[in-house]
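First, one chain by itself: the form predicted on its own, in structure tokens.
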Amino acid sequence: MKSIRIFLIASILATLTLFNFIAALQGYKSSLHEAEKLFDRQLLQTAKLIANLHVDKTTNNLNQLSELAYQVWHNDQLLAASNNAQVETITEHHPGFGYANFDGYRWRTLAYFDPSNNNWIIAAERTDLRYILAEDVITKAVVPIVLGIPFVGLLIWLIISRGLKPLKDLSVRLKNKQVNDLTPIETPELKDELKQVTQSINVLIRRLGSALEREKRFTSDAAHELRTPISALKVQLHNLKGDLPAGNESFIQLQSGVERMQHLIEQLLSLYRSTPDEFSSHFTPVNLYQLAQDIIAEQHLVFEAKDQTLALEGSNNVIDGDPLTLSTLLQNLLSNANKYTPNGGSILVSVSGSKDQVCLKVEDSGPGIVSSDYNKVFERFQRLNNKPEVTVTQGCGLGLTIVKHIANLHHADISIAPSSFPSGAAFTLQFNKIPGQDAKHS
């Protein structure tokens, strides 16, 4: 059961109901026993009353209710009887209580000997009427308890709700905290149990704040400390290029290593900067089709260098997102396609939209990806090459990891499937669409 309030109320009500049921059952049994003793005493008093009445030696029918029957015997002679009594003796002439069946009912009987007149008084009372009267009395006592359970439940609900209110207030405070608010929670007049919870949360917030601060410092320091020497290296390489013969193998390898180092640093910084808190509050309408046009125009020389055909299909479709990170996503997908597509191959980018979603697809005519490796390609530093004869440009293994991370930032679903070409892979992203934005951002 997910709700603490419902769990507590249900548990307490179940306990109370079970307790009341057991108490009512025991009370019912006890009350019936006491009622039986009371009715027996009344039957004895009735028998004594009949014994004191004057009866002659002829049968005398006294005016009695139908639920009571009696006989007056002297030796074996019936002196008097009620209208509903049988002619034979109702029970044996032995003193005490018993049961007998006659007149279509079961009767509680009493044989009482009157020593003053040497008479036997046989009195009988219908047991069904006894039980009806007893159950009526008991029911009147039990029904208020049963009917009171809903009111008790309401009272328990109010009490528990009152008791859980500080917990609810704490939950609301946590929910209303801004994404960048890492200040301790201050809730006055907390119960002792909630004070411990609040203290633990504040300790966690402080540790989280310290970790985020260290990460920000690292990112800032890395951006400064790593970019500066790499920029200096690139300047020195440019100056050195004029002093070396064209096509110098050592120079080409050195330049490639510097470029790869710069790319690795930029990818690492992009990965650690792409946090949900920083970007979700700055989302704006982004036309994916127009964004793809811009990225393709910027990178067309890279694809021309490998004589690759790069095409864009689709129409204007707008999503809510961050333009910079979406540009990085597209750049990484195109870079991945460029690396794994052989010279003269084809790459297709398409943007399509339905009523609620926008689909961005990047597919190539490269070697493709084995279906068992679909999930592995998004892991850090994973570089899969299922065909050894295919040579690809070296990379850092973070491009698709960043693509997955940015997709998660935009609550987009990303999947891999075979491309529409004879070979190759297709990366498909499904974004939530902004209704009515197509025409405004076309």
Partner chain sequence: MFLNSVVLILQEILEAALLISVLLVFTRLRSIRPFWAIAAIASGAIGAYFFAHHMASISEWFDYVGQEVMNAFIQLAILFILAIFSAKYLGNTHSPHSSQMNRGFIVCTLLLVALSLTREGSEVFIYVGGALGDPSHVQPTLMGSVIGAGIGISVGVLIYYGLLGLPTKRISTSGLLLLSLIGGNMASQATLLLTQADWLPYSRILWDTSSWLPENSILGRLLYAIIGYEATPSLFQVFSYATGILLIFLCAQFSFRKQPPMLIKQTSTTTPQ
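As the structure is a prediction and not an experimental result, all values here were calculated from the model. Numbering follows the first chain given and starts at 1.
The form predicted in complex with its partner chain is left out here; the points below concern that form.
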Close approach of Leu208 to its partner chain in the predicted bound form, 4.5 Å, heavy atom = no
ask   = Are any of the heavy atoms in Thr15 no more than 4.5 Å from a heavy atom of its partner chain in the predicted bound form?
value = yes
message = Taking its partner chain as it sits in the predicted bound form, is Ala24 near enough to touch it, meaning that at least one heavy atom pair lies within 4.5 angstroms?
response = yes
query = Any chance Val143 has a heavy atom within 4.5 Å of its partner chain in the predicted bound form?
reply = yes
task = With its partner chain left out of view, choose which of Asn118, Gln253, Gln199, Thr139 has a non-hydrogen atom within 4.5 angstroms of it in the predicted bound form.
result = Thr139
remark   = Of Lys48, His411, Lys29, Lys37, the only residue with a heavy atom within 4.5 Å of its partner chain in the predicted bound form is Lys29
